[in-house]
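So this one's two forms of a single chain, laid out as structure tokens and tagged structure 1 and structure 2.
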Structure 1
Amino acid sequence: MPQSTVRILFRFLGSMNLAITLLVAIAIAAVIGTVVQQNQPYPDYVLKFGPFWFEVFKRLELFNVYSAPWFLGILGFLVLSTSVCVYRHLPLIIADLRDYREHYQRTALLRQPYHQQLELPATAVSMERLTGLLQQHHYRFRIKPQDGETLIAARKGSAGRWGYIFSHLAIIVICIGGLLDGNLPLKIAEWRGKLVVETRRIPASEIPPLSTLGSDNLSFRANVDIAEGDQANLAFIDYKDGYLLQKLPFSIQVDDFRIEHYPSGQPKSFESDLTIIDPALKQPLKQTIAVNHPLNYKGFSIYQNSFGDGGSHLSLQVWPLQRDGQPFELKATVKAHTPLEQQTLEISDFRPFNVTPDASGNKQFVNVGPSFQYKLRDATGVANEYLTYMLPNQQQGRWFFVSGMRSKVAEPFEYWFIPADQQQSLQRFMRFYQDLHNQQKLRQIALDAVDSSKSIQPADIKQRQTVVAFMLKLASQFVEGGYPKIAAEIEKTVPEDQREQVAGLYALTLQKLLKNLYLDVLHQEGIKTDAGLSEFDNQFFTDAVEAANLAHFYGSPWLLELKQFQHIEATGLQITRSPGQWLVFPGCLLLVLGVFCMFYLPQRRIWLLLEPQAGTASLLLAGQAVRNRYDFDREFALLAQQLQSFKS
């Protein structure tokens, strides 16, 4: 029969078992959502889980658990279940609230969990005294005569019953509010084919209408970066593996962005001076926003969310690394592409300072100066990423220029340390390293070395040429792959039992060549070396050889040195519209009210059935408590004791 099916369904929906199951299911889903990091770029997941599990997890929507249909489904069921529960209990509770149960007969009272029969002297008992006692215990009561007997029916703590209604209604209200602000409407639009996620990196003006949301969209959370002096009337919503464009009914202009610092260097505040330009406004609205102090305008909230570079202008010195050549200047802009011979320079970020924890381990911070981050992309589209600091950094008392390289975004940077000369510049190392690429110079140096050698006869031209050619070959192997390359060559060409000896000879020869090359660099600088090298120059040589040894890892034909910059900042704003909060916040208030009422004002009932007899009054005391039985035990015992102490 259909009616009974409906009733069974209704009972199932309102059952406590279902409610508990749903609570647990939501908890488990929530755990999954925190274990699997949410809303990351898809390639990261493929790397992490492998292609098979990526596909499985993607199907299960584990990358966006909280907006997955199955999760929203569980939430929906919880709302439904709670609603049914409230619907079923509300009439009962309201009836209960009005009802003092004054119609209870003696047999009903004897069935109560608490009851006690008392015999008191008739003169000691009066209605006034009995009701007075109940009032002291904050009970409200009604009196009803029942054939010869009198029943006082009392109760307190009806707020506890309201607490049930408030807290459960609150859950429904909060969930509905939350659903309004969730991205369910986007999902539906996407499902109906009215919305397509944009995954390409293209200018806002080229984003198709199918990926654009109008300014009448009621609920969203979008981000936009605006450079100082610029304005925008749109923002981007992160969605799945791409984004959507959200139009705004007004323009936001960023006049200034500021970061204030504590004396220790840590950031103290992030602030943006905004101007809202809206045709509906007589004059533009100016306001400064900061973290914790958003701007609310027409139901839109604008938050200080992040900051970044707004297209700073950088002056770079380009040092060739794979040939001998003069350095040249290059002007580049952050977030723009600049051609550099066969390559493209893509600067992604510039930071005017880098505050890092002090290496000493103390909770102190040091500023290591400006840095910029960029990719160098070759004609085939392959790119390495670099992070280069402008100023030399002190390491163990020596100063080094530092540049990090990585070939995959997911990897950490590997740093190349280039010794700075006494003018804190790259000049000396670059001269040295470029001379290593200069065949003519190398040949000259090698010849000089051979000439000064006592073991080779000046007349033996053939031997001299062989030795020079050998030295040049060593130099080119060193440039191509450092010491490991030379070692590999030895392994390939020399029998095992002679390797150690040969390696020693090679190292000595190379060392001598490099040293002579270095001395030549020093002579070019006008430094006299006849009396030996200074401590600095000696140390510099060691560091320079080490840097040259590792140079091949750097994988770039250029070293870009930052000479000057003009810093332009951008502020990252979050713009939201969440009408659901007008349900959620009152719902929260209701929830707190309900929870406190439920726990701290529990409902209790007391009945006193008075049967006057000759000389004694026979009293039946009965009671009932919804919760906190332990406390009620005491209250009931106290009541009984107080009644018994009634004297005439």
Structure 2
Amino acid sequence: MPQSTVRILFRFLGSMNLAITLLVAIAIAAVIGTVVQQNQPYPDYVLKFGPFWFEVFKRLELFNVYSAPWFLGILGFLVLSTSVCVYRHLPLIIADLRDYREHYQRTALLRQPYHQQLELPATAVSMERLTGLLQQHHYRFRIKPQDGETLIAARKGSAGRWGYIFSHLAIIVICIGGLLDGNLPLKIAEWRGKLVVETRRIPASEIPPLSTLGSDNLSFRANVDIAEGDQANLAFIDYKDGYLLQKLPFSIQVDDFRIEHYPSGQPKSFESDLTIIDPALKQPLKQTIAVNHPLNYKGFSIYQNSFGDGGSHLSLQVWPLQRDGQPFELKATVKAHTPLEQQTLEISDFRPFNVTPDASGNKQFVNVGPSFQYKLRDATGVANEYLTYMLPNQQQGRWFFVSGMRSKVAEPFEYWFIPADQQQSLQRFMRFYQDLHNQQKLRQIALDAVDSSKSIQPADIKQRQTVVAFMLKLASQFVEGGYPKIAAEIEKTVPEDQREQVAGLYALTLQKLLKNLYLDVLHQEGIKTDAGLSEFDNQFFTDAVEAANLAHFYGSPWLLELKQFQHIEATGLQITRSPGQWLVFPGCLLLVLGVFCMFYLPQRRIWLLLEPQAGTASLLLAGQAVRNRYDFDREFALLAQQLQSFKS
């Protein structure tokens, strides 16, 4: 008779092959989730995998595997399959646990994998001795007389059968816990169009309701940075290419944040003093949290996750780079926007410590001092990003101020090394570089250089003007694009067979102009140069010319120098709500118990069929074991040996 479709589907759902396939799929997903770092900003993945594979992995949702629809679907299907399996087999297992199989006949016992016929004196065999021997081996038994014979059916290790149920129930419980913590309600809301990911960097008060989750959200993992002395009742969930705002039913106040450093300046440990402010509490709850020591409150876990800047106040000195002018002071705040003439200064981060490997090659770290990271955005919205260090850094025995620039977040910083003078300041270089933009001073320097030249007669005014104009043009090209721009101009205007000679002439002329300009800077400092330059001043000139040669790539009208700061720290908290974990933990214990029962408490059965005869008793010993046959071999042989000893 053909089976119905429902019966076939029911059998398929409860099959071992399907369960194993689903478990293998989950194992593969877990490997992917371990290898590919989860829930990171999308630009990080683009930089790591490239645009093509980023799009492939994004469509497969490999960047948030454990909340991906296909993964949740596998979990749900595994719950269904395992539940069907338990439903199908539980009645059979319960029936088997109640059944001692005392109805077995001699022919059935002889078909058992273990059986042995014994002939014993009738006076040596009694029910008391036989049942006592079984009790000695921890067997439970039933006695059934049948057709002049007596059958003793015994068993032990029934918990091994329960192990099957425990292990299957454990899989169901763990998967349900995974579904609860897998953002399933969030996915459903997104599919229904009731949730939209926010991608703009806007204040929390301006985030629309469609991108906001209520405080009754069942499961989430969110982050928030709170400065010392401030409080927050919300957090942010990184989701896909943006974020969602998660409201909290209480406020978290940061009373104090402490961080310890190693002698090199590298962070050692950090902790936060928190206060939970909740109308349901008679008094605020205070607790200190540290890494791996969270605060648990009403099903929410608050972890010490990171630390950062909480809005430090910076005092900056702004040096003009594209014109001659005096520097001026500017007050700015981290994570705030500050107008700077036609641009906007956006400081994103400030670090009082920067630990890097020692340049000497020793296996140690050194602290190179404070730094701040910022963007300069013009009126059109275009911005370059900069990373500037406060203190000079030693390179090859010389000291340089360091500032990096990049036009895209995915790109690494390109660093500009500016030589520091003997007072460890920017004064000398900036005076030299700004004089390159002072046309009046450059003209005077060029005239002085022409007048000191023996090849040009003072009376030849036209020639003097031509040479001065040529020197000013070289200086202008050098400022605009460095040596590459001058080389490009030579390649464009000079025949190929004359380029090498012209390039040498240009280099000598420019070098003389720059050297005279540098000597003028030294004279302004009151340094006498009649007897020649010191080793430091000579090296500084070389480094200053190289820095000026690379200045054009910096792409900013300003160089911002950090003079002073008031550091305000912020603690980075991760707030989680994971009701599923209270199912996963007992589920894991249930799984361990099930595996232990199945492998270490195997079910074993023993039958003793006693047939009294004239002066003797025929005894048939039979046995059966589900697993661990080696141990049962020894036990069965011992039982047979002990029964044989009844003869004596």
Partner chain sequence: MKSLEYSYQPVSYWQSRTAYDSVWLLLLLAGSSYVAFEYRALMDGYEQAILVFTALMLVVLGWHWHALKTLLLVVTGFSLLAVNSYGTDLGRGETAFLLKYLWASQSAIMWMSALYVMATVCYLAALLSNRLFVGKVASALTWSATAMGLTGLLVRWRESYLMSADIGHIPVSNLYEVFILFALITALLYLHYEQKYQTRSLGAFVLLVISAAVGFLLWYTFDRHADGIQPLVPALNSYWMKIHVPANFVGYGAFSLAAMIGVVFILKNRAQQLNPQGAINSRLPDLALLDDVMYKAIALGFAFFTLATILGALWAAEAWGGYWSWDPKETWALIVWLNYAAWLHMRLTKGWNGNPMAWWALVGFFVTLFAFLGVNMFLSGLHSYGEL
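All residue numbers here refer to structure 1's sequence, counted from 1. As the structure is a prediction and not an experimental result, all values here were calculated from the model. The term rigid core refers to the most C-alpha atoms you can superpose between the two forms while keeping them within 1.5 Å.
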item: Chain form predicted in complex with its partner chain, by structure number; value: 1
item: Core superposition between structures 1 and 2, C-alpha change of residue 24 at least 2 Å; value: yes
item: Yes/no, residue 489 Cα shift of 2 Å or more between structures 1 and 2 with rigid core fixed; value: no
item: Did residue 586 shift 2 Å or more between structures 1 and 2, C-alpha, core superposed; value: no
item: Between structures 1 and 2, C-alpha offset at residue 603 (rigid core aligned, Å); value: 3.9
item: Residue 40: CA movement between structures 1 and 2 [superposed on rigid core, Å]; value: 4.4
